[in-house]
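Next up: just one chain, as structure tokens, the form predicted on its own.
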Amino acid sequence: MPSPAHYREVEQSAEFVELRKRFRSFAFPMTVAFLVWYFLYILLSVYATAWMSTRVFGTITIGLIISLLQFVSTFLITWLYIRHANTKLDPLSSKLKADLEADMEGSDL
């Protein structure tokens, strides 16, 4: 098991700082965008009921279309995060893990 000193060393490394930067550069803007989109839907549902109940075709309303787009946007964000993690986060985190394990093996000898 790695010691706290090993963890501190990894935490202060340039690679870990880069990993954290890559995660935050995706997570924070995407979270803000999704929350704005989500609360816009709620505000429209409360304050623009006439507009939200406007029929587009048949019994399909603007509110129903926007609510279905909430699901679509959730799946899209999930797919984008998986792609981001696979290409930007996982290779670097795997390298950090391998380096940490190699350091541990070297210190056990």
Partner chain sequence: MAVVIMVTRGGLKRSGDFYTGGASFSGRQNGFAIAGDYLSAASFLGIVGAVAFYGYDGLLYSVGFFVAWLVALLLVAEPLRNTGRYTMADVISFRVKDRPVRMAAAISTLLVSFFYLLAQMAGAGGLVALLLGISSPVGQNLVIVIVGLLMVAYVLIGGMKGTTWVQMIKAILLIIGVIVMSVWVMARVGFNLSELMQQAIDHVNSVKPGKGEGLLSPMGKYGTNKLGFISLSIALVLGASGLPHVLMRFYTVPTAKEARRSVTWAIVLIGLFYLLTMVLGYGAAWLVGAENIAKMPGGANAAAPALAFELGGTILMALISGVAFATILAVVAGLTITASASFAHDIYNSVIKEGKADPRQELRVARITSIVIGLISIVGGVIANGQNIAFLVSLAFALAASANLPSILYTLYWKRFNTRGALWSIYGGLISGMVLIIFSPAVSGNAAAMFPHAHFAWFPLDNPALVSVPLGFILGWLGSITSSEHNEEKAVEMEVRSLTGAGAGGAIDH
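Positions refer to the first chain, counted from 1. These numbers come from a predicted model, not from an experiment.
There is also a form predicted together with the partner chain; it is not shown, and the following applies to it.
Using heavy atoms and a 4.5 Å limit, would one call residue 86 a contact residue for the partner chain in the model of the complex? Output for residue 86 is yes: heavy atoms within 4.5 Å of the partner chain.
Do any residues of 5-23 have a non-hydrogen atom within 4.5 angstroms of the partner chain in the model of the complex? If so, which ones, in sequence order? Residues within 4.5 Å: 7, 8, 10, 11, 16, 19, 20, 23.
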